[in-house]
Every structure is written in C-alpha cells, then in structure tokens.
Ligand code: COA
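Quick setup: one chain, the form predicted on its own, written in structure tokens, and binding and motion questions come after.
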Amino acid sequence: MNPPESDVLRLDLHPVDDERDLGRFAVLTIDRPDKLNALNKDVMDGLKAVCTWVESTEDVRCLVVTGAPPNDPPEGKRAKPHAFVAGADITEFLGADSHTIRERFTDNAVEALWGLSKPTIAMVDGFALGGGCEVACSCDVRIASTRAVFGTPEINLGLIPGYGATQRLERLVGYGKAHELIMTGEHIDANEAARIGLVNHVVEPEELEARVFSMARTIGSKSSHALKVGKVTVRAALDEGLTDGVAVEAEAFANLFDSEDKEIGVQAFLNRTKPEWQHR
C-alpha cells in the first residue's frame, strides 16, 4: 500500500539509518502556507487517509506532524508569519448548519490522529490556534519553537472548540487553565505553554527540526510492539480511574513477557549489545 497523495499535504519518510541504529519515522506537513496551513475539507480528508496508511504500514514507527513554512513573498510585500496550523478555514463555516457540521466533525481527522496506535509528535513553529491547537493536543508529544503561539479563540466566533480541545486540553493543563484559555480566547506564547504543561520542550526555531527528528529517531528505534502497548496503557490514565488504570498497566506489562521482543531486549541488555527487534 503506497502513501496517499494530496495537494495540501506532504509526507516524507525517513528510513532506518543502520550505521547509527536509528528508527523509521515519517513527517506529515500540512501544506497551505498562503492560508497559514488552515484546516479545510481537503486537509482533513488527506489527514484521515494518511492516518489510515500510517496505521497499516510497517515503514513508519513514529509520525511527526508539522505545518509548511511561509512562501517567499512577492517583491515589496511582507512575508506571512510562520504557522503550524492557524485554525480551521472559517470560510467553510459560513452558512453551515448543525447537520453539516455534525457530519464533518464526527469521526474526523483529528480523532484519527488521536487514535493512531503509533507515537506522534507535533512540531510546532508559529501559530497553533483553534483547530491547530487541537491537532497539537491530539499528538502524544509537542515540541515548539520560541515563536510558537497557542490558543483556542473559537469563543470570539460565538463557538467553542470542536476537535476535542475541551477534553484533551483540560487533561494537559488542568481544569482552571483550560477554562481560562477556552473562555477568553487569549493566546499564549511557547514558554507559557511549556510552563502549564501544554508543550514538552521549547527550542529556538533553527533547532526545532533537529530536536524533533532526534526524538522521532529514538522512538522509532524501539520495539514497535512495546511502543503500542505503552501508548495504550498511558491512554488508560485518561479513560480509567487510578485503580483500574494500574490494573490495565499490570496486565499489559505481564503480557509483554510472552513477546519475542522482551527476550531480545533482556538478552541484549545482559550481553551489552543492541537489540534486533522482532517487531519492527
């Protein structure tokens, strides 16, 4: 199965580098820089197709999601700002009723990204507003440049977030801070996002790609089976109470002792060699 093609998305594969024992990962770039990479129907359809492909292929162990940098401006014009995703394409909201929106926002691409069994990293450079903040929240890890800006400004349109921010943002930053962001519509910079737990790391723009790719390679070098089990158990912390969540973890941990990769990893550790994972 070949990667899906799209006019508004780019998908670049980074294969294993055997010399350095680094893992496979893919970079998905939302490519509408003249619209600040805003989410329209084409982007969302393409993102769902990419998620389906990533889930089905063994060629990708970790997915990085980012936005295209601004194009060079015409002579005499000011360059557009950097954006991860500046939000939904609001032109598609005009005249839309609840039936249309319910159909579009149910089983949507952000949920497809959230539902991936493989690790995901949001590489955020510039605006991550509205739907863009929600795309970032649907990834497992967020790494931002110092010029990143986050916010949920839907309240200024007489709306609330529709791609899961009322749930995932609350779990990342807490009840009070999520309310503040959603009810005021105010923006926060990268350092404040890191302080409240929305962002894992903040780096200078010129260091962002190297930092993200380093983490993606590290993740991609691990057992794909153990990564999936780890992701399921961490997610259980969101869906289960503490007692049930610990029970989920204990069962998953025990089951890993029946996997080939456990034996490979333990033997490699004892022999001080690099593991050659069965589940790649």
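Residue indices: 1-based, along the sequence shown. Small disclaimer: the values here were computed from a predicted structure and weren't measured.
Another form exists, predicted in complex with the ligand; not displayed. Remarks below refer to it.
Counting only non-hydrogen atoms, choose the one of 110-118, 94-102, 146-154, 164-172 that falls within 4.5 Å of the ligand in the predicted bound form. Looking at the other structure, the answer is 146-154.
Answer yes if any heavy atom of residue 251 is within 4.5 Å of a heavy atom of the ligand in the predicted bound form; otherwise answer no. Residue 251 lies outside the contact set for the ligand.
Look up in the predicted bound form whether residue 58 has a non-hydrogen atom within 4.5 angstroms of the ligand, and give yes or no. No, no contact at 4.5 Å.
Give a yes or no for residue 129: in the predicted bound form, does one of its heavy atoms lie within 4.5 Å of a heavy atom belonging to the ligand? Yes - in the predicted bound form, heavy atoms of residue 129 and the ligand come within 4.5 Å of each other.
Indicate whether the ligand has at least one heavy atom within 4.5 Å of a heavy atom of residue 36 in the predicted bound form. Answer yes; at least one heavy atom of residue 36 falls within 4.5 Å of the ligand in the predicted bound form.
Taking 256, 272 and 275 together, does each of them reach the ligand in the predicted bound form with some heavy atom inside 4.5 Å? Not one of the three qualifies.
Heavy atom within 4.5 Å of the ligand in the predicted bound form: which of 192, 140, 89, 209? Contact check passes for 89.
Taking the ligand in the predicted bound form, which residues along 68-85 bring a heavy atom to within 4.5 Å of it? Sequence-ordered list: 78, 80, 81.
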